[in-house]
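One chain comes next, on its own, written out as C-alpha coordinates in the form predicted on its own.
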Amino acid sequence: MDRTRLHRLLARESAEAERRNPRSRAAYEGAGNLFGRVPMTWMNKTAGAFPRYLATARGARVTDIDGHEYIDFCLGDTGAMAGHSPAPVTEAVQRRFAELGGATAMLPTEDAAWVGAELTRRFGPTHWSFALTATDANRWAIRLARAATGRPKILVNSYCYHGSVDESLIVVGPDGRGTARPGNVGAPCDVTLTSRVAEFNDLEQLERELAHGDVAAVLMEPALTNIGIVLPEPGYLAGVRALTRRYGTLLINDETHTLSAGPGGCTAAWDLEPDVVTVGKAIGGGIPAGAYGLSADLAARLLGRPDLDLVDMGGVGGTLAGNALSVAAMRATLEHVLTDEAFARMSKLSERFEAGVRAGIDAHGLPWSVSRLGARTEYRFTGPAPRTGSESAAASDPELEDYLHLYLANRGILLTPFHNMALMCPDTTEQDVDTHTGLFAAALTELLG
(Lines give C-alpha, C1' and ligand atoms only; values in the text may rest on other atoms or scores of the structure.)
Protein backbone atom coordinates (compact mmCIF):
# COMPACT_ATOMS: atom_id res chain seq x y z
CA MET A 1 0.00 0.00 0.00
CA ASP A 2 1.23 3.47 -0.87
CA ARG A 3 1.39 5.10 2.58
CA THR A 4 1.98 8.51 1.02
CA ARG A 5 -1.35 8.25 -0.77
CA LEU A 6 -2.99 7.03 2.45
CA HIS A 7 -1.62 10.05 4.36
CA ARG A 8 -2.87 12.42 1.67
CA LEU A 9 -6.36 10.91 1.67
CA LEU A 10 -6.47 10.83 5.46
CA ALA A 11 -5.55 14.52 5.61
CA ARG A 12 -8.26 15.30 3.03
CA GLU A 13 -10.96 13.41 4.96
CA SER A 14 -9.85 14.96 8.27
CA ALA A 15 -10.12 18.45 6.81
CA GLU A 16 -13.53 17.63 5.36
CA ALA A 17 -14.74 16.39 8.75
CA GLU A 18 -13.69 19.66 10.36
CA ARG A 19 -15.33 21.70 7.59
CA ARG A 20 -18.63 19.78 7.86
CA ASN A 21 -18.93 19.88 11.63
CA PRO A 22 -18.29 23.40 13.03
CA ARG A 23 -20.92 23.08 15.77
CA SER A 24 -19.49 19.80 17.02
CA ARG A 25 -16.02 21.32 17.04
CA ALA A 26 -17.26 24.35 18.98
CA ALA A 27 -19.06 22.13 21.50
CA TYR A 28 -15.89 20.11 22.03
CA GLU A 29 -13.69 23.16 22.44
CA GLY A 30 -16.16 24.67 24.90
CA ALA A 31 -16.31 21.64 27.20
CA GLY A 32 -13.30 22.57 29.31
CA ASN A 33 -14.89 21.45 32.58
CA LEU A 34 -15.16 17.87 31.35
CA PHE A 35 -12.19 15.58 31.92
CA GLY A 36 -10.88 15.10 28.39
CA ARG A 37 -13.63 17.48 27.13
CA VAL A 38 -16.10 14.57 26.86
CA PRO A 39 -18.50 12.83 29.27
CA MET A 40 -16.31 9.69 29.19
CA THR A 41 -12.70 9.82 28.01
CA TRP A 42 -13.19 6.88 25.62
CA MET A 43 -15.31 9.22 23.48
CA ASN A 44 -11.99 10.71 22.33
CA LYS A 45 -11.16 7.43 20.60
CA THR A 46 -12.64 8.60 17.35
CA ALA A 47 -11.29 9.34 13.90
CA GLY A 48 -10.64 13.05 13.44
CA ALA A 49 -9.81 15.92 15.76
CA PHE A 50 -13.07 15.82 17.76
CA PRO A 51 -16.20 13.66 18.11
CA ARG A 52 -19.48 14.43 16.38
CA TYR A 53 -22.14 15.54 18.87
CA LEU A 54 -25.48 13.77 19.03
CA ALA A 55 -28.72 15.60 18.27
CA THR A 56 -31.29 12.83 17.65
CA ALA A 57 -31.40 9.07 17.25
CA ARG A 58 -34.17 6.77 16.10
CA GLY A 59 -34.00 3.21 14.83
CA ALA A 60 -30.87 2.77 12.70
CA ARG A 61 -30.35 6.52 12.19
CA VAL A 62 -28.62 9.26 14.18
CA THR A 63 -28.20 12.95 13.43
CA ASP A 64 -25.51 15.26 14.77
CA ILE A 65 -25.85 18.86 15.88
CA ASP A 66 -24.53 20.05 12.51
CA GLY A 67 -27.60 18.49 10.87
CA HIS A 68 -26.01 15.45 9.23
CA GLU A 69 -27.86 12.13 9.22
CA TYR A 70 -25.99 8.83 9.48
CA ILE A 71 -26.78 5.17 8.92
CA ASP A 72 -25.67 3.83 12.27
CA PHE A 73 -23.80 0.53 12.26
CA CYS A 74 -22.09 1.42 15.53
CA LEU A 75 -25.32 1.26 17.56
CA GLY A 76 -23.67 2.36 20.78
CA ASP A 77 -21.05 -0.41 20.52
CA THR A 78 -23.88 -2.93 21.08
CA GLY A 79 -25.80 -0.83 23.61
CA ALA A 80 -28.37 0.05 20.94
CA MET A 81 -28.58 -3.36 19.27
CA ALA A 82 -32.35 -2.98 19.66
CA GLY A 83 -32.15 0.25 17.65
CA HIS A 84 -32.35 3.74 19.09
CA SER A 85 -35.42 4.35 21.26
CA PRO A 86 -37.50 1.39 20.07
CA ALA A 87 -41.18 2.12 20.54
CA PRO A 88 -42.01 -0.72 22.99
CA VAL A 89 -39.13 0.30 25.26
CA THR A 90 -40.02 3.99 25.04
CA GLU A 91 -43.60 3.19 26.00
CA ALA A 92 -42.57 0.92 28.89
CA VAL A 93 -40.13 3.48 30.28
CA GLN A 94 -42.64 6.33 29.99
CA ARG A 95 -45.31 4.27 31.73
CA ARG A 96 -42.97 3.21 34.53
CA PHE A 97 -41.45 6.65 35.09
CA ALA A 98 -44.25 9.08 34.27
CA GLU A 99 -47.45 7.16 34.99
CA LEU A 100 -46.53 4.67 37.72
CA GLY A 101 -43.44 6.41 39.12
CA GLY A 102 -41.08 4.74 41.55
CA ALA A 103 -38.19 4.19 39.20
CA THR A 104 -35.82 3.58 42.10
CA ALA A 105 -37.94 2.80 45.15
CA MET A 106 -35.77 -0.10 46.44
CA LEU A 107 -38.76 -2.42 46.02
CA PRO A 108 -38.98 -5.30 43.53
CA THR A 109 -41.43 -5.34 40.64
CA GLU A 110 -43.17 -8.26 38.95
CA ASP A 111 -41.30 -7.46 35.73
CA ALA A 112 -38.10 -8.78 37.30
CA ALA A 113 -39.38 -12.35 37.58
CA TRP A 114 -40.52 -12.24 33.95
CA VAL A 115 -37.08 -11.07 32.83
CA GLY A 116 -35.37 -13.77 34.90
CA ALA A 117 -37.53 -16.47 33.35
CA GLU A 118 -36.89 -15.15 29.85
CA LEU A 119 -33.14 -15.00 30.40
CA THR A 120 -33.29 -18.60 31.63
CA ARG A 121 -35.15 -19.60 28.45
CA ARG A 122 -32.55 -17.89 26.30
CA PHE A 123 -29.28 -18.72 28.08
CA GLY A 124 -29.93 -21.66 30.42
CA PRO A 125 -28.78 -20.53 33.92
CA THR A 126 -31.73 -20.73 36.30
CA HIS A 127 -31.09 -17.96 38.85
CA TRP A 128 -30.61 -14.32 37.80
CA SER A 129 -29.73 -11.03 39.43
CA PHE A 130 -29.35 -7.57 37.95
CA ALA A 131 -26.77 -4.83 37.58
CA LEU A 132 -26.56 -1.52 35.75
CA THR A 133 -23.62 -2.52 33.54
CA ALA A 134 -21.99 -5.70 32.31
CA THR A 135 -18.82 -4.55 34.07
CA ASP A 136 -20.63 -4.74 37.40
CA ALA A 137 -22.25 -8.04 36.46
CA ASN A 138 -18.76 -9.44 35.82
CA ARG A 139 -17.40 -8.01 39.06
CA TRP A 140 -20.19 -9.59 41.08
CA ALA A 141 -19.86 -12.92 39.24
CA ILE A 142 -16.15 -12.91 40.10
CA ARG A 143 -16.86 -12.33 43.79
CA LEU A 144 -19.35 -15.19 43.84
CA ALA A 145 -16.90 -17.49 42.03
CA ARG A 146 -14.20 -16.77 44.58
CA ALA A 147 -16.65 -17.37 47.41
CA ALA A 148 -17.85 -20.67 45.94
CA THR A 149 -14.40 -22.09 45.21
CA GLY A 150 -12.21 -20.51 47.87
CA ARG A 151 -9.68 -19.70 45.15
CA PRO A 152 -8.16 -16.25 44.54
CA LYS A 153 -7.43 -15.96 40.82
CA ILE A 154 -9.45 -15.32 37.67
CA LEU A 155 -8.30 -16.47 34.23
CA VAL A 156 -9.08 -14.46 31.10
CA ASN A 157 -8.03 -14.49 27.46
CA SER A 158 -5.33 -12.17 26.18
CA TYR A 159 -6.88 -8.94 24.80
CA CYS A 160 -10.34 -9.92 26.02
CA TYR A 161 -12.97 -7.34 26.87
CA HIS A 162 -14.97 -7.42 30.11
CA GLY A 163 -15.41 -3.70 30.71
CA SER A 164 -13.14 -2.14 33.31
CA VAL A 165 -12.81 -5.26 35.49
CA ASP A 166 -9.33 -5.03 37.02
CA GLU A 167 -8.73 -8.78 36.80
CA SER A 168 -9.22 -8.75 33.02
CA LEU A 169 -6.44 -6.25 32.22
CA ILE A 170 -3.75 -8.84 31.60
CA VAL A 171 -2.22 -10.11 28.36
CA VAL A 172 0.25 -12.76 27.29
CA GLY A 173 3.68 -11.14 27.07
CA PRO A 174 6.49 -11.92 24.60
CA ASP A 175 7.84 -14.56 26.97
CA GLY A 176 4.46 -16.34 27.10
CA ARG A 177 3.74 -15.19 30.65
CA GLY A 178 1.04 -12.90 31.93
CA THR A 179 1.78 -9.18 32.12
CA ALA A 180 -0.22 -5.99 32.62
CA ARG A 181 -2.09 -4.83 29.54
CA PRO A 182 -0.37 -1.72 28.11
CA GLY A 183 -2.01 1.55 29.11
CA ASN A 184 -3.83 0.32 32.20
CA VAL A 185 -4.54 3.22 34.58
CA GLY A 186 -4.16 3.05 38.34
CA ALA A 187 -4.02 -0.71 38.79
CA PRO A 188 -4.67 -1.54 42.48
CA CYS A 189 -1.93 -4.19 42.43
CA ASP A 190 0.22 -6.25 40.07
CA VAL A 191 -2.41 -7.96 37.91
CA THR A 192 -0.56 -11.28 38.11
CA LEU A 193 -1.51 -11.42 41.80
CA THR A 194 -5.19 -11.65 40.87
CA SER A 195 -5.21 -13.09 37.39
CA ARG A 196 -3.92 -15.66 34.96
CA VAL A 197 -4.13 -15.43 31.18
CA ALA A 198 -4.19 -17.72 28.16
CA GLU A 199 -4.50 -17.02 24.47
CA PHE A 200 -7.91 -17.65 22.94
CA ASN A 201 -7.93 -20.93 20.97
CA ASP A 202 -4.95 -22.28 22.95
CA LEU A 203 -6.06 -25.22 25.11
CA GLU A 204 -2.51 -26.23 25.98
CA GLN A 205 -1.76 -22.83 27.48
CA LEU A 206 -5.11 -22.83 29.28
CA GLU A 207 -4.38 -26.19 30.90
CA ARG A 208 -0.93 -25.06 32.04
CA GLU A 209 -2.51 -22.12 33.85
CA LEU A 210 -5.39 -24.10 35.36
CA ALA A 211 -2.99 -26.76 36.64
CA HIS A 212 -1.78 -24.33 39.32
CA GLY A 213 -5.07 -25.04 41.11
CA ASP A 214 -5.71 -21.45 42.16
CA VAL A 215 -8.19 -20.30 39.48
CA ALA A 216 -11.73 -19.69 40.74
CA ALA A 217 -13.20 -19.01 37.31
CA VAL A 218 -12.42 -18.64 33.65
CA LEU A 219 -14.11 -15.42 32.52
CA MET A 220 -14.36 -15.37 28.74
CA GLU A 221 -16.26 -14.23 25.70
CA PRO A 222 -17.20 -17.28 23.58
CA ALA A 223 -15.71 -15.26 20.71
CA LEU A 224 -13.41 -12.28 21.21
CA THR A 225 -15.02 -9.06 20.00
CA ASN A 226 -13.51 -5.79 21.14
CA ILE A 227 -10.08 -6.51 19.70
CA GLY A 228 -11.74 -7.54 16.46
CA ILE A 229 -13.86 -10.66 16.09
CA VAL A 230 -11.82 -13.79 16.82
CA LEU A 231 -13.93 -16.90 16.36
CA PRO A 232 -13.37 -20.18 18.23
CA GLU A 233 -11.75 -23.03 16.34
CA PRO A 234 -13.61 -26.36 16.16
CA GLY A 235 -13.51 -28.10 19.52
CA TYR A 236 -12.00 -25.18 21.42
CA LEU A 237 -15.01 -24.22 23.54
CA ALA A 238 -15.78 -27.85 24.34
CA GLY A 239 -12.15 -28.19 25.41
CA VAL A 240 -12.46 -25.14 27.68
CA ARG A 241 -15.51 -26.63 29.38
CA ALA A 242 -13.80 -30.00 29.83
CA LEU A 243 -10.66 -28.44 31.32
CA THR A 244 -12.54 -26.17 33.71
CA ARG A 245 -14.49 -29.15 35.02
CA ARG A 246 -11.34 -31.24 35.34
CA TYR A 247 -9.62 -28.58 37.44
CA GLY A 248 -12.66 -27.58 39.53
CA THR A 249 -12.86 -24.12 37.95
CA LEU A 250 -16.09 -22.28 37.22
CA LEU A 251 -16.82 -21.02 33.68
CA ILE A 252 -18.32 -17.55 33.15
CA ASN A 253 -19.53 -16.65 29.65
CA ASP A 254 -19.65 -12.88 29.07
CA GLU A 255 -22.30 -12.50 26.35
CA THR A 256 -22.46 -8.70 26.36
CA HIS A 257 -21.12 -8.40 22.80
CA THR A 258 -21.57 -11.99 21.64
CA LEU A 259 -25.33 -11.63 22.13
CA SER A 260 -25.16 -10.75 18.43
CA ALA A 261 -24.94 -14.51 17.75
CA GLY A 262 -28.64 -14.92 18.53
CA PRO A 263 -31.38 -14.52 21.15
CA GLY A 264 -29.32 -16.49 23.70
CA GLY A 265 -25.94 -15.42 22.42
CA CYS A 266 -23.26 -18.01 21.72
CA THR A 267 -24.35 -19.97 24.79
CA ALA A 268 -27.60 -21.00 23.10
CA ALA A 269 -26.37 -20.92 19.50
CA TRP A 270 -23.47 -23.29 20.22
CA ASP A 271 -24.98 -25.36 23.08
CA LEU A 272 -22.51 -24.18 25.69
CA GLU A 273 -22.85 -25.05 29.38
CA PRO A 274 -21.30 -22.27 31.50
CA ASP A 275 -21.78 -22.01 35.24
CA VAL A 276 -22.48 -18.28 34.95
CA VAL A 277 -23.63 -15.99 32.13
CA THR A 278 -23.15 -12.23 32.23
CA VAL A 279 -24.80 -9.81 29.82
CA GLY A 280 -25.45 -6.09 29.57
CA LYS A 281 -25.94 -3.11 27.26
CA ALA A 282 -28.37 -4.40 24.64
CA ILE A 283 -30.90 -6.06 26.94
CA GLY A 284 -32.08 -2.69 28.25
CA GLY A 285 -32.86 -1.22 24.84
CA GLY A 286 -30.76 1.85 25.62
CA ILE A 287 -31.52 2.08 29.35
CA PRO A 288 -28.55 1.07 31.55
CA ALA A 289 -28.96 -2.59 32.47
CA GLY A 290 -26.94 -5.72 33.12
CA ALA A 291 -27.54 -9.18 34.48
CA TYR A 292 -25.77 -12.30 35.67
CA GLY A 293 -27.24 -15.78 35.78
CA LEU A 294 -26.12 -18.73 37.89
CA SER A 295 -26.64 -22.42 37.26
CA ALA A 296 -28.99 -24.15 39.68
CA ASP A 297 -26.08 -26.01 41.28
CA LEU A 298 -23.98 -22.89 41.81
CA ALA A 299 -26.95 -20.92 43.17
CA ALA A 300 -27.68 -23.69 45.67
CA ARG A 301 -24.04 -23.81 46.78
CA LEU A 302 -23.99 -20.08 47.44
CA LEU A 303 -27.41 -19.76 49.02
CA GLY A 304 -26.59 -22.68 51.30
CA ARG A 305 -23.60 -20.90 52.80
CA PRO A 306 -24.65 -19.16 56.06
CA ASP A 307 -21.20 -17.56 56.30
CA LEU A 308 -21.83 -15.49 53.16
CA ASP A 309 -23.75 -12.25 53.72
CA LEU A 310 -25.44 -12.02 50.33
CA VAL A 311 -27.96 -9.47 51.61
CA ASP A 312 -25.89 -6.64 53.00
CA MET A 313 -22.09 -6.71 53.29
CA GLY A 314 -21.33 -9.26 50.59
CA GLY A 315 -20.36 -6.66 48.04
CA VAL A 316 -22.99 -7.99 45.64
CA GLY A 317 -25.35 -5.40 44.24
CA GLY A 318 -25.90 -1.67 44.33
CA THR A 319 -28.71 0.66 45.28
CA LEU A 320 -29.84 1.20 41.69
CA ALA A 321 -29.28 -2.37 40.48
CA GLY A 322 -32.55 -4.00 39.51
CA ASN A 323 -34.42 -0.71 39.71
CA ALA A 324 -37.96 -0.66 38.34
CA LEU A 325 -37.10 1.48 35.31
CA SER A 326 -34.23 -0.72 34.12
CA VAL A 327 -36.24 -3.88 34.64
CA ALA A 328 -39.20 -2.47 32.71
CA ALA A 329 -36.86 -1.61 29.85
CA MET A 330 -35.35 -5.11 29.89
CA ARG A 331 -38.77 -6.73 29.74
CA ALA A 332 -39.91 -4.57 26.83
CA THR A 333 -36.67 -5.16 24.91
CA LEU A 334 -36.67 -8.93 25.35
CA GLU A 335 -40.42 -9.38 24.88
CA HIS A 336 -41.02 -7.10 21.91
CA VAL A 337 -37.79 -5.96 20.21
CA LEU A 338 -34.84 -8.36 20.35
CA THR A 339 -37.04 -11.34 19.56
CA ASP A 340 -36.07 -14.61 17.90
CA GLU A 341 -37.53 -13.32 14.64
CA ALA A 342 -35.60 -10.04 14.86
CA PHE A 343 -32.31 -11.87 15.33
CA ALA A 344 -32.94 -14.05 12.30
CA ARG A 345 -33.47 -10.98 10.13
CA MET A 346 -30.49 -9.12 11.61
CA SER A 347 -28.22 -12.09 10.90
CA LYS A 348 -29.36 -12.18 7.27
CA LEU A 349 -28.48 -8.50 6.92
CA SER A 350 -25.09 -9.17 8.47
CA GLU A 351 -24.48 -11.92 5.91
CA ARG A 352 -25.27 -9.37 3.18
CA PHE A 353 -22.86 -6.88 4.78
CA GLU A 354 -20.13 -9.53 4.97
CA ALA A 355 -20.59 -10.44 1.30
CA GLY A 356 -20.36 -6.80 0.24
CA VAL A 357 -17.17 -6.20 2.19
CA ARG A 358 -15.63 -9.43 0.91
CA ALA A 359 -16.42 -8.41 -2.65
CA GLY A 360 -14.61 -5.08 -2.16
CA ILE A 361 -11.58 -6.80 -0.66
CA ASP A 362 -11.44 -9.43 -3.39
CA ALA A 363 -11.77 -6.83 -6.14
CA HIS A 364 -8.39 -5.41 -5.11
CA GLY A 365 -6.77 -8.70 -4.11
CA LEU A 366 -6.20 -7.43 -0.58
CA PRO A 367 -4.79 -9.79 2.08
CA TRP A 368 -7.57 -8.81 4.46
CA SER A 369 -10.25 -10.91 6.17
CA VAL A 370 -13.87 -10.63 7.26
CA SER A 371 -15.40 -12.31 10.31
CA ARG A 372 -19.06 -12.50 11.27
CA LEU A 373 -20.84 -13.37 14.51
CA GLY A 374 -24.57 -13.42 13.86
CA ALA A 375 -25.69 -9.80 13.51
CA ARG A 376 -22.12 -8.45 13.82
CA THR A 377 -19.48 -8.26 11.06
CA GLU A 378 -15.91 -6.97 11.18
CA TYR A 379 -13.14 -6.58 8.60
CA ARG A 380 -9.47 -6.82 9.49
CA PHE A 381 -6.31 -5.67 7.71
CA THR A 382 -4.79 -9.14 7.74
CA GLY A 383 -5.52 -12.56 6.30
CA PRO A 384 -6.29 -15.21 7.30
CA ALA A 385 -8.35 -13.93 10.21
CA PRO A 386 -6.47 -13.79 13.54
CA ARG A 387 -6.91 -16.83 15.80
CA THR A 388 -5.78 -15.20 19.07
CA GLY A 389 -6.21 -11.85 20.76
CA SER A 390 -2.51 -11.06 20.47
CA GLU A 391 -2.54 -11.76 16.73
CA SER A 392 -5.58 -9.54 16.39
CA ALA A 393 -3.94 -6.69 18.33
CA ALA A 394 -0.84 -6.95 16.13
CA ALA A 395 -2.97 -6.53 12.99
CA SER A 396 -4.01 -2.99 13.93
CA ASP A 397 -3.40 -0.15 11.46
CA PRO A 398 -4.70 3.08 13.07
CA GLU A 399 -4.06 5.32 10.03
CA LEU A 400 -5.89 3.02 7.65
CA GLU A 401 -8.71 2.59 10.12
CA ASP A 402 -9.07 6.36 10.55
CA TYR A 403 -9.14 6.88 6.79
CA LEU A 404 -11.96 4.39 6.30
CA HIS A 405 -13.94 5.67 9.29
CA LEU A 406 -13.66 9.30 8.21
CA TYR A 407 -14.42 8.50 4.57
CA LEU A 408 -17.61 6.71 5.60
CA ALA A 409 -18.66 9.25 8.25
CA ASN A 410 -18.21 12.15 5.84
CA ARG A 411 -20.66 10.35 3.56
CA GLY A 412 -23.22 9.35 6.18
CA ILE A 413 -22.16 6.03 7.74
CA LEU A 414 -20.95 5.34 11.29
CA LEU A 415 -18.94 2.29 12.30
CA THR A 416 -17.85 1.46 15.85
CA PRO A 417 -14.94 3.86 16.45
CA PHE A 418 -12.81 1.33 18.29
CA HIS A 419 -12.53 -1.01 15.30
CA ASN A 420 -14.16 -1.88 11.97
CA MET A 421 -17.29 -3.41 13.41
CA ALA A 422 -20.79 -3.13 11.95
CA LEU A 423 -23.85 -4.26 13.90
CA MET A 424 -27.38 -4.70 12.56
CA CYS A 425 -30.52 -3.75 14.50
CA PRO A 426 -34.19 -4.49 13.81
CA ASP A 427 -34.50 -1.21 11.87
CA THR A 428 -31.48 -1.72 9.59
CA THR A 429 -32.42 -2.20 5.93
CA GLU A 430 -30.88 -3.91 2.92
CA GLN A 431 -30.43 -0.46 1.37
CA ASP A 432 -28.42 0.61 4.43
CA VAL A 433 -26.11 -2.36 3.94
CA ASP A 434 -25.79 -1.75 0.20
CA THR A 435 -24.95 1.91 0.81
CA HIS A 436 -22.00 0.81 2.91
CA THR A 437 -20.95 -1.72 0.27
CA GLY A 438 -20.80 0.99 -2.38
CA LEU A 439 -18.94 3.52 -0.23
CA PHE A 440 -16.48 0.90 1.06
CA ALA A 441 -15.65 -0.04 -2.52
CA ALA A 442 -15.22 3.62 -3.45
CA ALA A 443 -12.90 4.22 -0.49
CA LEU A 444 -10.71 1.30 -1.55
CA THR A 445 -10.63 2.48 -5.17
CA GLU A 446 -9.42 5.93 -4.11
CA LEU A 447 -6.78 4.37 -1.91
CA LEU A 448 -5.55 1.62 -4.21
CA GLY A 449 -6.46 2.84 -7.70
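The first residue of the sequence shown is number 1, and the count goes up from there. The structure presented is a predicted model; accordingly, all values stated were derived computationally and were not measured.
Only in words, not in the display: the form predicted in complex with a small molecule, which the text now covers.
Of the listed positions (134, 330, 154, 229), a single one reaches within 4.5 angstroms of the small molecule by any non-hydrogen atom in the predicted complex, namely 134.
None of 176-184, 305-313, 134-142, 202-210 except one has non-hydrogen atoms within 4.5 angstroms of the small molecule in the predicted complex; the exception is 134-142.
Mapping the unseen interface onto this chain, residue 84 falls outside it, with no heavy atom inside 4.5 Å of the small molecule in the predicted complex. Contact annotation for residue 262: none of its heavy atoms lies within 4.5 Å of the small molecule in the predicted complex.
Remark: residue 77 counts among the residues lining the small molecule in the predicted complex, judged by a heavy atom distance of 4.5 Å or less.
Proximity of residue 163 to the small molecule in the predicted complex: non-hydrogen atoms within 4.5 Å are present.
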